[in-house]
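Quick setup: one chain, the form predicted on its own, written in structure tokens, and binding and motion questions come after.
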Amino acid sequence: MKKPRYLVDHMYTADPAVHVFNGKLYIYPSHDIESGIPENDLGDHFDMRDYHVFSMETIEGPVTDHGVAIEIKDIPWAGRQLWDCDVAFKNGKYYLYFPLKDKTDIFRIGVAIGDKPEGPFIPQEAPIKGSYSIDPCVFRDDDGTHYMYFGGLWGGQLQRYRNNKAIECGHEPADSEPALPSRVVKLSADMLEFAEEPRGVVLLDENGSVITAGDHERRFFEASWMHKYQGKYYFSYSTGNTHKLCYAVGDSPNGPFTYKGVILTPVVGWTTHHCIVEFQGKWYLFHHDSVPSGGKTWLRSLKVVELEYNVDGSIRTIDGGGA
């Protein structure tokens, strides 16, 4: 497929995480709703309250909506805002990882367990100890180890932390200082906790220097994703206020990663968020834009388009269709 395809037309969906389970593609997106909350830089207007799970047997075929997999009212520690999630499989169980503000309005990451990839998912009583911020992405390496990547600036609250500790007044570093990184952490054997302290996902420029906070064209903002191609680890992410999806490549799931380029130019809408998956011999980029809602940045729609690599392993840039 050379042209992007919209996937869901009966509701607004965004922030896709996609995996192949049982020979099918399973899509785990955010569920956008019209909350009536004014738009602001903290993302209060993204007041999502449940997750639907979707599946596809072929990339061109119909999309099945399996209905609600979990609702905010079912989560004991819930405050508000059920943002981007991801799912992993281990030992016959499916683990749904989700960011959610607790009753004190602090984002934590929770986990819920299901017997089937479409759910339903039963949440644990409390969030993962030591978790914070948003956008969990779970990657299974070839040796069976699972890693979680997470973090997001501004409304995602990552600027409120240094070395996994909350600071008095959350702020981004000065432009000349190293940018705040995404986090990576190995998960415990039971998939319910962190097995270690999260560490920073270091992004380097072509000269081996750490990308700075003022480099908004390349610095991490949110939407971590990890995939492996030809033995290399590809860390991809959103630049946020410059509206690009970029990627960096490394030799270890922990990094460091060297910046390589832009995967997707800006789309219609403010946010850009994605995942990359191989299916039936080809690679695909799942992402979203706000075209079907007439450009409403908080009402987004899922798309998929084929992702292509050059011989040297670099990714060919895709036109997002935005400004």
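In this text the structure is predicted, and so the values were computed from the model without any measurement. For every residue, the number given is its place in the sequence shown, counted from 1.
Unshown form predicted in complex with a small molecule; subsequent notes refer to it.
Figure note: of the listed segments 180 to 188, 164 to 172, 217 to 225, 248 to 256, the one touching the small molecule in the model of the complex, with heavy atoms no more than 4.5 Å away, is 217 to 225.
For the options Val201, Ile134, Cys137, Leu96, the one in contact with the small molecule in the model of the complex, meaning a heavy atom within 4.5 Å, is Ile134. Though the partner is left out of this view, Phe121 does not reach within 4.5 Å of the small molecule in the model of the complex, counting heavy atoms only. Although the partner is absent from this view, Met48 contacts the small molecule in the model of the complex, with a non-hydrogen atom inside 4.5 angstroms. Using a 4.5 Å cutoff between non-hydrogen atoms, Trp83 counts as a contact of the small molecule in the model of the complex. At the 4.5 Å threshold, heavy atoms of His273 reach the small molecule in the model of the complex.
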